[in-house]
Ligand SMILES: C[S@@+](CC[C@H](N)C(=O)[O-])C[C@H]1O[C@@H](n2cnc3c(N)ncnc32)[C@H](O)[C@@H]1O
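Next up: a single chain in structure tokens, the form predicted on its own.
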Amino acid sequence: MKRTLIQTNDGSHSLRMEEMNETYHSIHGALQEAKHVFLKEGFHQTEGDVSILEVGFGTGLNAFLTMLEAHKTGRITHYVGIEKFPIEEDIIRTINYGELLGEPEWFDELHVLNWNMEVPISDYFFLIKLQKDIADTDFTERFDIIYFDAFAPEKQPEMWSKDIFSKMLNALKPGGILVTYCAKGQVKRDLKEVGFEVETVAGPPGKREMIRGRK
């Protein structure tokens, strides 16, 4: 599984999966995409203490930004990130998110923590990184928000199935939300079919729309 470091248009790094010819983040800007999709349309659509599930922990960018925002807002955040294929440490050390946001030590800490156990990084942010396949994982009404950040449907279709979406619905508390950068019509139809209320909202730079679903 070959991953190559690239620089996106806002100066932040991403990785390219050579076998898929797919990037982990938008080439228009990894940071600005994550801030828009997962913070603006996810984290900030809720209030108070929050529990978050991320499908596709990847580079840790979404977790890192959420941790910084939890501190900024004083919201206690319990965060679970699922990743079947963790990125190698030598690649992680080349990614520039910590330097760009002025918190290199915190970014590094996200990645050196042990997998499969909850670790309190601070008084506001508690992290569990799960190395497993989401298809083999079941949850019950535990989360306020799901960050659905799998590779694109045409690259990883098994992650965008109705079976997976049903798992996501079951994982949310009543009124909980799922956000994803994707805006494909079939994804909207499948989310609705399993029981989500689906809305299309403005996407990040370089993308006209994205999806937010609510339980």
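In case it trips you up, residue 1 is the first one in the sequence shown, and so on. Just so it is clear, the structure is predicted and the values come from calculations on it, not from any experiment.
This next part talks about the form predicted together with this ligand, which is not shown.
J.: Please determine, with the chain shown alone, which of 84-92, 114-122, 69-77, 138-146 has non-hydrogen atoms within 4.5 Å of this ligand in the predicted bound form.
T.: One stretch meets the cut-off, namely 84-92.
J.: Can any non-hydrogen atom of Leu61 be found within 4.5 angstroms of this ligand in the predicted bound form?
T.: Looking in the predicted bound form, residue contacts with this ligand include Leu61, since a heavy atom lies within 4.5 Å.
J.: I'd like to check something about Ala150: if you look in the predicted bound form, is any of its heavy atoms closer than or equal to 4.5 Å to a heavy atom of this ligand?
T.: Yes, Ala150 sits close enough to this ligand in the predicted bound form that at least one of its heavy atoms falls within 4.5 Å.
J.: Are any of the heavy atoms in Phe196 no more than 4.5 Å from a heavy atom of this ligand in the predicted bound form?
T.: Contact check for Phe196: no, nothing within 4.5 Å of this ligand in the predicted bound form.
J.: Quick check on Gln156: any heavy atom within 4.5 Å of this ligand in the predicted bound form?
T.: So Gln156 counts as contacting this ligand.
J.: Given this ligand in the predicted bound form, answer whether the residues His25, Gly56 and Lys132 all have a heavy atom inside 4.5 Å of it.
T.: Yes.
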